[in-house]
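Read the single chain below, which is given as structure tokens and is the form predicted alone.
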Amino acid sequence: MEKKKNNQPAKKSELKKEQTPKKYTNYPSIVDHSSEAQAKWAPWVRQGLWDIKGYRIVKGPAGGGTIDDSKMNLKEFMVIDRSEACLYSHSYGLVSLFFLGLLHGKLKGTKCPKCGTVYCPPRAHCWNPACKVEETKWIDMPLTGIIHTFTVQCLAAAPFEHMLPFSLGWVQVDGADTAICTMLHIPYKDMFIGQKVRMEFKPQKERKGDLMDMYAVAIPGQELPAWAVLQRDKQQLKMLDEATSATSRFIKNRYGLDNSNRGW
């Protein structure tokens, strides 16, 4: 056991303090919004992740066939509850300037000095084999582009469930050779591939430095083309109306949020 100068054993609290270095003390950080989160979440890491905390025995439908068939074949199932909580700390690395730009309402991309390929989202090195991972240069990107493809979401992972229903799209920013995934604040009945959009940002106090800080809206004055895939299929559009309405009711019942009034 470690000895103090007066030959008395060190207290356990003193040992713990010496063996647990503070985070971020060895870096020339200017702004620190992480230490407060660390203090709140770090203890969860020591709670014994993934072990079973409890269980329930429930009866439910089973088997193949139709839903009505499965309801006639009830079986017992064991449902377990596992603890799962952790806090990840990771660096944006060589593309940090992109996310810093989002905090300030700017869109950054990178350009290869050899082949001229423009990446947005950015890549620190060119992926063109002929360029042999040439380091790219940062450039400012315009806040306009076109929808390359899109999807209307009625299902989502738990962190995004409360936002349902919503639309995601791959937008090719003007001047870029790649496309970036972003939220589309556009009614799906008015949305089409090739639609011109403008990138906008959340209010500054709500930005966190991730892709969710930014979203796309339609540039006014565009007519829906006759070949628009979603709108020309009336049956598919009807099914989507029913699905999004049911999803909005589910979200209102679970979270008390009326997402049907957002207008997109």
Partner chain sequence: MSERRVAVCGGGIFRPDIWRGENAEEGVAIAYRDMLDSMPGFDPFDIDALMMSYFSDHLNQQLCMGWIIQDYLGLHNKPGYRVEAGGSTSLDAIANAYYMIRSGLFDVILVPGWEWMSEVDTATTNMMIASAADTDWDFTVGGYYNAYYASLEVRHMQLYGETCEDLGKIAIKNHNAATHNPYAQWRMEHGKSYITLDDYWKSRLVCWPYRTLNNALISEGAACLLLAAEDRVKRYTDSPMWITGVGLGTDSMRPGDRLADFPFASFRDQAAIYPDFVKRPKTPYPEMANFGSMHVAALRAYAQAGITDPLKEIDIAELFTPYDGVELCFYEDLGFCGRGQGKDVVREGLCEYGGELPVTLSGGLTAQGHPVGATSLYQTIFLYYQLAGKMKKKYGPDALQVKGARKGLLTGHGGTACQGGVIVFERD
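Residue numbers count along the first chain shown, from 1. For clarity, a rigid core is taken as the largest C-alpha set superposing within 1.5 Å between two forms. Because the structure is a prediction, the values reported are computed rather than measured.
Missing here is the form predicted together with the partner chain; even so, the following discussion is about that form.
The candidate site formed by I139, V217 and P220 is entirely out of contact with the partner chain in the predicted bound form, as no residue has a non-hydrogen atom within 4.5 angstroms of it. Not displayed here, the partner chain is kept clear of I186 by more than 4.5 Å at the level of heavy atoms in the predicted bound form. In the predicted bound form, the partner chain lies within 4.5 Å of some heavy atom of P121. The partner chain in the predicted bound form comes within 4.5 Å of no heavy atom belonging to E135.
Shown alone here, W227 lies within 4.5 Å of the partner chain in the predicted bound form, counting heavy atoms only.
Among H162, K114, H104, R82, the residue placing a heavy atom within 4.5 Å of the partner chain in the predicted bound form is R82. Residues I146, H148, T149, F150, T151, V152, Q153, C154, L155 are the ones in 141-155 with at least one heavy atom within 4.5 Å of the partner chain in the predicted bound form, listed in sequence order.
Comparing the forms between the shown form and the other one, the C-alpha position of D210 differs by less than 2 angstroms, with the core used for superposition. I219: CA moves less than 2 Å between the shown form and the other one after rigid-core fitting.
Comparing the forms between the shown form and the other one on their rigid core, the Cα displacement of F77 reaches 2 Å or more.
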